[in-house]
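The data below hold one chain only, encoded as structure tokens and taken in the form predicted alone.
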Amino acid sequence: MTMDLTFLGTGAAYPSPHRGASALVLRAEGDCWLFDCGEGTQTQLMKSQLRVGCISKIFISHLHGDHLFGLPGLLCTVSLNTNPDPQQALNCVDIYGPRGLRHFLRVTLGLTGSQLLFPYAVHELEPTSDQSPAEGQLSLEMTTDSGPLHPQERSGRTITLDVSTDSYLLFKDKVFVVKAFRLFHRIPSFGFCIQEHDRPGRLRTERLKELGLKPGPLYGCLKAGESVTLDSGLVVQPSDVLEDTIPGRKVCILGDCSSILGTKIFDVCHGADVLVHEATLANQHKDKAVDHGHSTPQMAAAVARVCSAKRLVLYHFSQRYKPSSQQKEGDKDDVTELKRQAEEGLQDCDVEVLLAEDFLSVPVPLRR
């Protein structure tokens, strides 16, 4: 199964001529999951090679506008690209994010008279009081949903912290387990871990021939982890004919933060194939970054080190940092310096560092 990440917006605070506001897509076999949806995301999608109609899940890290303002418009655009065939059952778009997201969508879609051609459900993460300064705590009165559901809205879940793992289990299916974890920011923020299930190893064809097994349905049974009984009465276990299990891939995407809460989460993110971490300002501006709830390249590198990540992708840059391709001689702030600072913090580790630019695609190859 192919998997890749496409960055639609890599800038902080607002969309500019150089960088869109925060948004990226994880694509697996044509199915697209959107992470954050800043203003202008639908335009960025149209400029990309991705299909708007393929978005099936949306994850919002926090409720700041540069991660959220594009969501109502995007849902309407997805609706316009939806087949209205009444004979075709439409899948529900699942949206995950902090408490208050359900109310935000219900009000914005309701006040604008927006009708969608597909159902949606908002699953809210219940934040804890230590995820932001006191002034960043959003009141229950402000964030609790009230009134009737939007006509296309389906009831969503309220997901609370599992203290045993310091994470939130968002969902689990046959291919992935997706969890969220707490970040410290000016308002409650979250990161997401997408873990692919381990895959069975390849069949040892020579051993199968020795046992007299020919290609056919029994191969599939063994590959699926089922034992089979031969005509001779011999029971063949999958472990007898399968190579070692192939570990699943792992992608971790962090929202805005100046720190990660809890130590258990490093176990959740351990060995990430790709770790996406914000680096809003350079190391020399650390005090300003932390004061605004953000990180520097050195701080991102420290997280990658503890998680033993294989690849660190920096994003969410202050708009003062133009992409390398648009850098001009004499520009004061050089984005490549951010990459150098992260690499300096990882100089004794085998971690590749990348600078995200809008429309950068990062493949996540299968593990071997």
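Numbers follow the displayed sequence, beginning with 1. These numbers come from a predicted model, not from an experiment.
Below: the form predicted in complex with another copy of the chain, not depicted.
This chain lacks the partner; the member of R51, R305, K47, R340 within 4.5 angstroms of another copy of the chain in the model of the complex by a non-hydrogen atom is K47. This chain is displayed alone, yet in the model of the complex one of Q131, Q195, T77, N283 has a heavy atom within 4.5 Å of another copy of the chain; that residue is T77.
Residue contact check for T43: one or more of its heavy atoms lie within 4.5 Å of another copy of the chain in the model of the complex. Taking non-hydrogen atoms only, K57 never approaches another copy of the chain to within 4.5 angstroms in the model of the complex. Using a 4.5 angstroms threshold between heavy atoms, T112 counts as touching another copy of the chain in the model of the complex. Residue contact check for L68: one or more of its heavy atoms lie within 4.5 Å of another copy of the chain in the model of the complex. You can rule out all but one of 248-256, 167-175, 134-142, 152-160: in the model of the complex, only 134-142 has residues with a heavy atom within 4.5 Å of another copy of the chain.
The three residues F266, A272 and P363 each lack any heavy atom within 4.5 Å of another copy of the chain in the model of the complex. Applying a 4.5 Å heavy atom cutoff to another copy of the chain in the model of the complex picks out Y14, P15, S16, P17 from 14-35, in order along the sequence.
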